[in-house]
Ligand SMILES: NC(=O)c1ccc[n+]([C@@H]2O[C@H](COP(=O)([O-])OP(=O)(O)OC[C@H]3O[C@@H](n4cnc5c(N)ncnc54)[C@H](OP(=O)(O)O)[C@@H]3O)[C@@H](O)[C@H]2O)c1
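Next up is one chain by itself, shown in structure tokens, the form predicted on its own.
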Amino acid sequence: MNIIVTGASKGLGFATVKAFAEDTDHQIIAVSRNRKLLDQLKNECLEKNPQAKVFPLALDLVSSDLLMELLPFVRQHFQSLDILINNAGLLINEPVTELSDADFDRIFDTNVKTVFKLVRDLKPVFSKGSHIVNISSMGGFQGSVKFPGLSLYSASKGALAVFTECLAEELKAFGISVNCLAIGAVQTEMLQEAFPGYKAPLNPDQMAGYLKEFAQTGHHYFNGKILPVSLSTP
């Protein structure tokens, strides 16, 4: 399969690229702003599977013109796109009274607008039967426990969930499925920003194994769904 994973330089994105790269029949474009960490990711994938097909792309999804910078790269490596995992995210842990207008824009640009841009601009290369997986959070899952300091992050992830429902309706005529995973506590850098010192019940590799399987098969059972994947919150 031909796969794009955003936010690939650390945490769940890093682990998910590694999980897919174990299988030689997958080709993965790994997107992040951090070229050094992307190179580290590729090297780790090749150490585990010398035939791994990982193509790092250092790109700021917020500020870049994707039609000019991403789409040509995708066409260079893929004839079509089977899986897009929208994992790139930003968290700012501050009381709402301390957040600025710029903070609002940064969070919503990263967590929502980049997904909009990716789906819009990559639409021509999606294959029939492809699957878009948006990575949300239990913080953005309606009715879940909410935490101080995470208002904008949770709101952006809630927006992503509703956007998923809308995308699934719009894209189903083209054979493209869209689902959203509301991830609970996983031991990542972002979790430590939100809950310093907290020990999560799952590590990124464990969650990546689930995500890998869901991205390949989940759209045979779900479309337009927001699915909680959580042992704890925290």
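In case it trips you up, residue 1 is the first one in the sequence shown, and so on. Nothing here was measured: the structure is a model prediction, and the numbers come from that model.
A second form of this protein, the form predicted together with the named molecule, is not displayed here; the remarks below concern that form.
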query: Residue (of 40, 27, 49, 34) lying close to the named molecule in the predicted complex, criterion heavy atoms within 4.5 Å; finding: 34
query: Contact assignment for the named molecule in the predicted complex, among 54, 167, 208, 191, heavy atom within 4.5 Å; finding: 191
query: Contact of residue 183 with the named molecule in the predicted complex (heavy atom, 4.5 Å); finding: yes
query: The named molecule contact at residue 141 in the predicted complex, heavy atom, 4.5 Å; finding: no
query: is_contact(residue 131, the named molecule) in the predicted complex, heavy atom dist at most 4.5 Å; finding: no
query: 4.5 Å heavy atom contact, residue 8 to the named molecule in the predicted complex; finding: yes
query: Options 123-131, 144-152, 82-90, 97-105; stretch whose heavy atom lies within 4.5 Å of the named molecule in the predicted complex; finding: 82-90
query: Residues in 155-180 close to the named molecule in the predicted complex, defined by a heavy atom within 4.5 Å, in order; finding: 157
